[in-house]
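What follows is a pair of forms of the same protein chain, given separately as structure tokens and numbered structure 1 and structure 2.
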Structure 1
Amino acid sequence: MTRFADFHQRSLSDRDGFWAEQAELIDWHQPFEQVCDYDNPPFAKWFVGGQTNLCHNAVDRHLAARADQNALIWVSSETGQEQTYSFRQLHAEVQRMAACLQELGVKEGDRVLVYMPMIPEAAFAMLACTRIGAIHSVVFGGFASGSLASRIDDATPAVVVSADAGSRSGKVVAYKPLLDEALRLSVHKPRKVLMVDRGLAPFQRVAHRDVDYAPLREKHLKAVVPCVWLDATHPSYTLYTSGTTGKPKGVQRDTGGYAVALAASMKHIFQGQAGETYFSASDIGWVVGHSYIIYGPLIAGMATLMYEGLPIRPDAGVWWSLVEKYKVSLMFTAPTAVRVLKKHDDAFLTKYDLSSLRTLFLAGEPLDEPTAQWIAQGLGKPVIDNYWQTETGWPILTIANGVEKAPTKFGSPGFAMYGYDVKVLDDATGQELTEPNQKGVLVIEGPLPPGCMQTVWRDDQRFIDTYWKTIPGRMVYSTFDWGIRDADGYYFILGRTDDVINVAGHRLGTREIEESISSHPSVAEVAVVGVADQLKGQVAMAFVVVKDVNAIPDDAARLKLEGDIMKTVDSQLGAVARPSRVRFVTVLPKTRSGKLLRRAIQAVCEQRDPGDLTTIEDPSALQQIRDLL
């Protein structure tokens, strides 16, 4: 079958037959008896009766054919260290970590909270957990104590695995004091804390609780810890969604469905080949890091490159130097990172031999057309956007060139992927919008395909209420994103349903205005928010980072550029979409994973408390906006 439309249709009309075939891409200890049990919507159980293991599929099964090939390549531009592990060496290290966890009392079904920088031991810990049937819960390294405490209380881990410190932009970020404070604040107290000492920051050990990893690892150098064969429906991990308020929302993922979904995506979407190298420039604290640093590439028999550092340190060519050195075939990063690179000399894009690189994949937030064109032309490589969520675990919308080659459209992530029954609905009536370019809420008809969340950890009702009961008269999974589908079947994401601006009765997506402003040649980055206005209800306010700050040396130049940008929006979207003001800043407030903090910007504009800012990359960015206003 070569037509993607047929491939996709079969995944919906012959769901069980389709996914039974994809399940052949992984190893099973015990065959499944039922592909999908959807007797209790919206809860889907995949590959019921089957037994498998994520760690076996990522590591052990490759030992026969490629034991001495690269499996994990670790590079830190922060500390100047590089370390490569073959599949054989990774297998040994994961067993050592697993033996350490078992000695600390971790059993099948226990939770292990991983609060780590981007170091090999973080990968060992995750794989060791899935090896022995423990459920890992990774929290982004350096997360603030209060947020970490709430996740500890929700996950109730038996053990926490952490390190003395991480490093960012050459500055050491001490983790242990943050963890100690979190454990003081939390109601739940883990039995043990396993500490990896990198020698970056001295730390206090708590007697009878804290255990040093290095001596414990030495004790288990010859450890043999077999994989525990787990039911396909056994939880593999929980991961807390970013930007949650109140009690954290733990996305719960299964074992068998996730392994099958990742294996299929590596074949059909990413076209990864065993023995090649995959570089995902993300963090293990985010879903991309779980799916496409740790599990996906390894399941496919590829080497995975794990990077600690920034895309511009020591210079804006560091990523491309790694592509050359390690013959990277496929790369995955975020549009934000590309926009950061866009501010630097284009020469860095052509300085290194990138002949091994086939495709650059981007995800994390909508990819604007100017950024996509800049990086595609600069690298001379195909750039494929993709759209998905922590909740889904793998792409909802993208291009599956492994099934049928299709052109990309700048500004669109692509088509609905196999397994996803995506529809555009009117949010007020629940009616499906079938004509091209009709704007509505992007939803997915149940069941969610393999690899998607099973439920919210320990809160099935919250799973139903949050995701499945938002559209009148319809029980469908809401992505909470506005979208349109064009006549060719390509989808365009227009922003969050809660990022809609209602200007004098006109509903405008912030994303549409941002896309227009981004097309102005002077603009490097932009964030648009809706701000309360007595006359119009709301007005759009734009905050812009210019490519060259010297181009606006004084107030007169700033006013002229503001006017030019407004004219651009007028000509592309009409006067109704014109921002009330365009303010110029040197940096936009973002999380450490690169997501714009639009709600915090909006709160500052409306003189409200911006709320939880524990994930903010640079607090001075928000202060700049306060000062401007």
Structure 2
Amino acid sequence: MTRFADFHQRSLSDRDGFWAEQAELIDWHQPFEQVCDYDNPPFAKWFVGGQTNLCHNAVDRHLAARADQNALIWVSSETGQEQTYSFRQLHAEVQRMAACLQELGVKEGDRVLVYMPMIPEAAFAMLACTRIGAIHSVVFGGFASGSLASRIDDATPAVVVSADAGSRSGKVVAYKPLLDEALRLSVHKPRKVLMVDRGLAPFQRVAHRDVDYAPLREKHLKAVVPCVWLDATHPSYTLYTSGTTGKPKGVQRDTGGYAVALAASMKHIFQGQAGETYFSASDIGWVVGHSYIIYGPLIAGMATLMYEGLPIRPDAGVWWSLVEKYKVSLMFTAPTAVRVLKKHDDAFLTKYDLSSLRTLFLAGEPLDEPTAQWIAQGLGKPVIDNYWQTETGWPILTIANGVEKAPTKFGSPGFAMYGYDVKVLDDATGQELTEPNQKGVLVIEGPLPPGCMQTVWRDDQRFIDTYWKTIPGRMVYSTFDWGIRDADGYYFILGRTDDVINVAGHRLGTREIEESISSHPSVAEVAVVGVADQLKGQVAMAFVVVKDVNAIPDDAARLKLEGDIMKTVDSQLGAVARPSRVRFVTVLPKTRSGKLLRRAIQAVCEQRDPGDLTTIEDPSALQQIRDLL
């Protein structure tokens, strides 16, 4: 047995012993009595009886040894600002933010919704929440009012923290009007809105509700707000993600298990050392931002670089200039970003001194071989793919060079990480496929390891029904990804089994997009599918049946309506969810029982064989789509 195989084996056969050892990587206020309580599957409780605090582990515990070392490095290539915070300064800022939240009435267990661009105050807000036991719920800044309103209603936050605006490609993107509209749409009304004014977009303040951050912070400059010791199982945050239905799920994460899982991953997978710099080019609105911009690197005592901007502005060398300037040792991004860089001059990859950089980690979508090779060769650094989900919080599949150096294989994120009992199952029979190279659904045998979701926020039944009851006769966690495992234990991911698509590393539900398009008054019916795209991995494509065909007599009318429908999606969900094209048909391909044949549409769009069509109601429906393309 290799060292890693042994390590992995032990994580499953001596689960409690294994995780008790990992738990030593963090500080505990009160030791736990039980490592894992799995008496009520699929609900796993980790480190029961223990008390700790995420913010303490990310910030306070480093004060003794590294108070003056960089903790947060913020760079905005949009506004040209750069700001660094030592652990001491971060500690002060987080306490100021925590005092502001407390003054606005936030208490332990309350939710705080964070709708912010990539600015330091967003990090302060998240850490301030976990400091005082409030549950943060970050909503990606690219989402618009409809998405935001549904999340406000589900999370029912006491306070929303937001900002006047973000900036993208040099253009100011105002947040406040979207937030105001969301708060008009939502049933739940938070007590207060805490506004960071960057001076980018003037905004209106709603009396008795909106509070400016700067003067309130000023009032709390000397704030001392101790960490609240929380049960390991206390929810630290919820993060909404898309699934099969239109209603986003609030993925709920704990405190102790998450801290341990991240600390362990920083050691075994990422190999980050305290004092070094980690640069994760993601967004705090996504899980990568939670785990590997904010908590993971800070827990490990590393400086984390938070970046607002594009990888190609002012030019395609901007990331590498930051690697040189801040001596970044580990980098994390999504393959899409690398594909964007690949369209620019290769010379940018060698223009800067990258001697500090050890490894580039990529995740979030399939990593194609040309992209992987281009970046690995161009940088002359190892590139490590890793596969996971919002639900798991840290990698399920990758290689763990901190345990044992292992080769990577193109096209594969790697093998199952410690703690994960991954299997390939036949989706129809539930049979395990043990032979190499058989295609099935990737599942994880319970209990999910520390750091993974505890439940769906306020909906235990949905957690069970959505994730644990999809395979006949087996109570296992479904990843909703197709995959195979080769003879060496390396997995290959072959796409989602549900209606989730992955656009430029952003996870989107086609049902949400369909619901938004359906709200347009001219639309009778719609199908949205994900179609393979060279740059973005996938793009959303919409096929619409209009209520009145006479309303779109010519190309000009069709183009106008296409634009209108896109605007509807932009204003409700945000531009991230906008379909690349809206096409008009007179009928959608359905089965005789009325089920939309999304897979067949997708296959036709990708010029693949649509497979068995014996149940199709009207074969001309697919032909129409073929003709359009």
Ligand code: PRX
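Whichever C-alpha set is largest while still superposing within 1.5 Å between the two forms counts as the rigid core. On a predicted model such as this, the values are computed, not experimentally measured, just so you know. One-based numbering along structure 1's sequence throughout.
**Student:** Looking for the form predicted on its own among these two structures; is it 1 or 2?
**Tutor:** That would be structure 1.
**Student:** Two rigid parts rotate relative to each other between the two structures; which of 325, 373, 497, 202 lies at the hinge?
**Tutor:** Checking the domain motion between the two structures, the hinge sits at 497.
**Student:** Return the inter-part rotation between the two structures: the angle in whole degrees by which the smaller rigid part turns against the larger, from C-alpha superpositions.
**Tutor:** Relative rotation between the two structures amounts to 142 degrees.
**Student:** Any chance you could measure the C-alpha shift of residue 605 between the two structures with the core superposed, in Å?
**Tutor:** Superposing on the rigid core gives a C-alpha shift of 6.0 Å for residue 605.
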